[in-house]
Structures are given as C-alpha cells and as structure tokens.
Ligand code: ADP
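One chain follows as structure tokens, the form predicted on its own.
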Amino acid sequence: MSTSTPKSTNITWHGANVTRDEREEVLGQKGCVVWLTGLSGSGKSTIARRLEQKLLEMGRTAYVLDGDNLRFKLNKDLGFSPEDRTENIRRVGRVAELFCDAGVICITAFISPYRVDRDAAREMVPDGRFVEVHVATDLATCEARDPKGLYGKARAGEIKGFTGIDAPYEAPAAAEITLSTADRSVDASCDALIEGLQGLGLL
C-alpha cells in the first residue's frame, strides 16, 4: 500500500526554524519513542497509560498512541490483513517520529506483530531514540485474561487472522526492555520501564 515516493506532485519539504535540540532544551528532556509490542491482552495499553501518568508526575512531557484509538480515526480505513497491518505501523511510526522530533516522549501500544515493520519504525527516528519494549506475557495468560473477548471469538472462528491464534507474532530478537506482566503489577512494570529509560540516558 505504501511507497517511498509521494503520490502528490508539486510539493516541497519545508524545514523548521527551530531544531530538535532547541525544543528539547526548552522541555528539559529528550524526545524518544517507547514502542510497546506484545500479544493482545499482554498489558500494553494499561502499562502505556500508567507510564504516561508517572512521567507527567515526574515533570516530563509524554503522550500515548494507542492501537485501537488510532484505528477509530487516522487508520479507520485499514483492516487486519498483513498489508494493512504493515501500513498501520508505517503510519504510526511516522506520527511517533513527529512526536520525537517535537521533544516528546511518545509511548506506543500496538501488537505490531512483524519484526520488519517494527524495524522500519525504528529507522524513522534518530539512533538511540527508539526503545522497543517487549511485553512478553505468554499466550496462555493473555488468553485467560481475554479482556475484550477476542480470543474466545478467534477460537470460535468468528475472527480470522487473529495474532497468536491463526496469525503469527514475531517476538523481538533484541528488545531494549523486556517485561512480563504475568507476575508483575502495572506499577512495577512501569517502574522497571522508567529505570530502563534512565539507564539508556533518556530520562
């Protein structure tokens, strides 16, 4: 669906009068992308929302891009075919890139099942500013939670192409941070994330 060349003609890229470094100096922080990936029900969105709260309490500027929310508006024309999943992540990556350039800590919560798509999102932001977080909660735990009732529908054949059931999930090969929520609270997960971001020099 996506191409490297814009469809539009007679367009010109306009640079900014303000640099990323200048924005970051005003905000007192480094813009980055914290990319949470994992199965449905792994805890991505819950962790992302709580992390945003904790960062704001620390005086940081952060914003969550949530998978379901973006499919209501920006990506409402996309389904769940492999091609649409790739386009979904491409668009999200570009939005996250803008937040990063603005000096914001951008937290994304997407299944993003394919490594190649996550790697493409990583390439959109400067080196050291993309933090892949594998929310590595096992399938059995995710399915037992089934907060949206999706696993039940997938098992019943009512949903086709559901990640972890009849569509693949490619776990990160070398995520900067790995979390399992099976035996860890939301706050403990967020604290571990914050510690990891501090260790990477981003907080």
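All values derive from a computational prediction rather than experimental measurement. Residue numbers run from 1 along the displayed sequence.
From this point on, the text means the form predicted in complex with the named molecule, which you will not see here.
Stretch-level contact analysis of 53 to 61, 23 to 31, 36 to 44, 153 to 161 against the named molecule in the model of the complex, using heavy atoms and a 4.5 Å limit, identifies 36 to 44. At the 4.5 Å threshold, heavy atoms of Ile194 stay clear of the named molecule in the model of the complex, well away from it. Taking the partner from elsewhere, Gly149 is found to have every heavy atom lying beyond 4.5 Å of the named molecule in the model of the complex. Contact check for Ser185: a heavy atom falls within 4.5 Å of the named molecule in the model of the complex.
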